[in-house]
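For reference, the chain that follows is the form predicted on its own, supplied as C-alpha cells.
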Amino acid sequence: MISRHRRSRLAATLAATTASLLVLAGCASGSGSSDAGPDANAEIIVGSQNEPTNLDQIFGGSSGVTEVFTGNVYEGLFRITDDAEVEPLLAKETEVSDDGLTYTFTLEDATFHSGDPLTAEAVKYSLERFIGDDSIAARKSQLSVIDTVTAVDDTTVEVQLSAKSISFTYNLGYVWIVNPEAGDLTAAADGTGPYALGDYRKGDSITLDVNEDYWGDAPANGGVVYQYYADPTALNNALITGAVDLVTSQSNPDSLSEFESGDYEIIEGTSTTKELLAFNDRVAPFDDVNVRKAVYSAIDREQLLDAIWDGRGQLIGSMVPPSEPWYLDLADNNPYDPELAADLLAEAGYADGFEFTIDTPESGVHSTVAEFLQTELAKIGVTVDINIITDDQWYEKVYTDHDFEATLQGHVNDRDINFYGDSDFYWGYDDADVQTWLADAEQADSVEQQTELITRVNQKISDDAASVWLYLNPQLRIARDGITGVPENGLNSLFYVYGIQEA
C-alpha cells in the first residue's frame, strides 16, 4: 500500500500528474467511499518535534522515546492509562506478601518481535538492567528498592524489595521488558508490543509496523510513521499540506487559528509538563529562601502564560499538577507582588539587587521565557544574563555537573515531586522534613496515608520556593478530519497509537 505520506511527497514533486496520482491514491487506500467505515489498513503519519536522542530508555532516550515506544513497541508488567490508572499488562497475575516486600508475577503468553518467547529470565534481565550502574533512566531511583529478582520458572518472576513501595507497580508501568538477546538497543528494538520497529532514520523518522503475531488486541491502523520536524512552523505546514495526519503536541498557540475550521480537530487535554525556573539552591544567593521567594513574586506568571499559551494551560504553585492525588491549589502561595519582592530582597541583604545567569536550553520556548524573566526581574533591580546552550550542554553543565546558578526546563514526568527529596538532584534542594515525608510516603500502608504525607511535601516546597513553577503546559494535539482515537492527555509523554484510525 502507498501511504498518504508518500503520496503527498509524490504529489509535491510531480504536480503535472496530480490527476493520475489521485486515481492511484484511491486504488491504494482500499477504503472506497467515506461511508465504508474505519480503514484498519491505513498508515497513520504522526508529526512531532520530540525526536528521541536514541532508542533506549536507560541511556537518555529522552521523553521522545517514551512517546514512540512505551506501550507501542515495548510493554511493561503494568500499563499506565491516559488518566493515570494502573492496569496489568504483561503481568497476568500479581501476588504481594503480607509485609509488602515480595511481589510474584505470573506472565502472559507473549513473544518478542524477533520470535523469542517472553520469559521470566527476560523480565529479570530487564528489571536489573533498568536499575543497573549504567542506567540513567528517569525512574531508576524510585525502583532502587528492588533487592533481588528471581526467575522461579519460565512464567513466574519473584521480586524482593529492600523496603515497602506503595508506588512499585505504578513505577513498573514505565519499565520496558526487553529481549536479553537483542543486544544494543540504542538504534534497534525488540519488544512485545503491538508494533515492531520497521525503520529508523535519525533526524527524520521512525516507522512502526504492525506486529501480526501480537498476543493482545490488534491495532486499529495499518502502521504508524513518526515524522520529525525542527520547528513548529514546519510541523504545522506538514499538517496543512497533508504530509502528516496529526501532531502530538502544538507548541505555537498563535497558529491555532489555522486549524479552527471543520477540516481539523483541536484536542485540548491536560499534561504533566511543568515549566520551571530552577535555582541551584546550593549557591548564593539562591540558598536564601527570601531571595527565591522574591524572584517568584517579581514574575507576572499570568502574563507569561498568556504570552506563551494565549491563556491556555494553568498556573501552579508547586511540582504537582491537578492530575495527581496530592494536588493543592498553590498558584497564589507566592503571589505576583513586586513590592513584596523588593521587601524580601532587602530583608535578605540585596536591597540594591544582584546579578545572575540563567543557563537556557535552546529548545522549545525556554529562550522566550528567559527574556520575559529578564524584563520582569529588572523591575526589582535584579540583572539576568541569558546563556543559551544546547540540550546536550544542559545535560552536562546543569544536570550532571551542577555548574549553574539558575536554569529553565520543562519537567515532563508525572509524580516527580520525589526529586525534591534528593539533595543530589541538580537543583540541590535539601530539607530533612521533606526527605522524611517522602520516604515515609513510599512505605505507607494506604493511598490515603501516602497522599497526606506528599501533600505536606507539596506545601513545604512551595512555601520554600524551592523552584519557580511558572506554569503547567496545556496538551494540545491537532488531527485532520477523519482521524479518530487520538489520546487526549499528555501524561509523561505517553502516546498510545494503537487506537488511532482513519474513518
Partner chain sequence: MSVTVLTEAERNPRSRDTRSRRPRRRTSVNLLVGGVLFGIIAVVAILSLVALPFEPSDTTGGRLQPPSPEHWAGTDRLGRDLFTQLMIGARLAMLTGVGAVAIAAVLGVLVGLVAAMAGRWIDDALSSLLDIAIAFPTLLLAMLVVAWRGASLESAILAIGLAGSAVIARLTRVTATRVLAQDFVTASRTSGTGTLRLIRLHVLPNVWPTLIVPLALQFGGAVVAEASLSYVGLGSPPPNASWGRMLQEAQSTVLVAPTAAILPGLLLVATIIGINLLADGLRDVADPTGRTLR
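Here the structure is a predicted model, which is why all the values come from computation and not from measurement. Numbering follows the first chain given and starts at 1. Rigid core (definition): largest C-alpha set, two forms, superposition within 1.5 Å.
This protein has a second form, the form predicted in complex with its partner chain, left out of what is shown; the following refers to that one.
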Worksheet item: Thinking of its partner chain in the predicted bound form, which stretch from 134 to 142, 276 to 284, 344 to 352, 247 to 255 has heavy atoms inside 4.5 Å of it?
Response: 247 to 255
Discussion item. Taking any heavy atom pair closer than or equal to 4.5 Å as contact, tell me whether Phe372 reaches its partner chain in the predicted bound form.
Written reply: yes
Worksheet entry | Any non-hydrogen atom of Asp306 within 4.5 angstroms of its partner chain in the predicted bound form | yes
Worksheet item: Quick one: does Leu127 come within 4.5 Å of its partner chain in the predicted bound form, counting heavy atoms only?
Response: no
Worksheet item: Does any heavy atom of Ile386 come within 4.5 Å of a heavy atom of its partner chain in the predicted bound form?
Response: yes
Item to complete: Quick one: from Thr368, Gln314, Thr104, Ser363, grab the residue that has a heavy atom within 4.5 Å of its partner chain in the predicted bound form.
Response: Thr368
Discussion item. Considering non-hydrogen atoms and a 4.5 Å limit, which listed residue (Asp422, Glu265, Asp213, Asp310) is close to its partner chain in the predicted bound form?
Written reply: Asp310
Worksheet item: Rigid core fitted, is the C-alpha displacement of Glu302 between the shown form and the other one 2 Å or more?
Response: yes
Worksheet item: Can we say the CA of Ile386 moves by at least 2 Å between the shown form and the other one when the core is superposed?
Response: yes
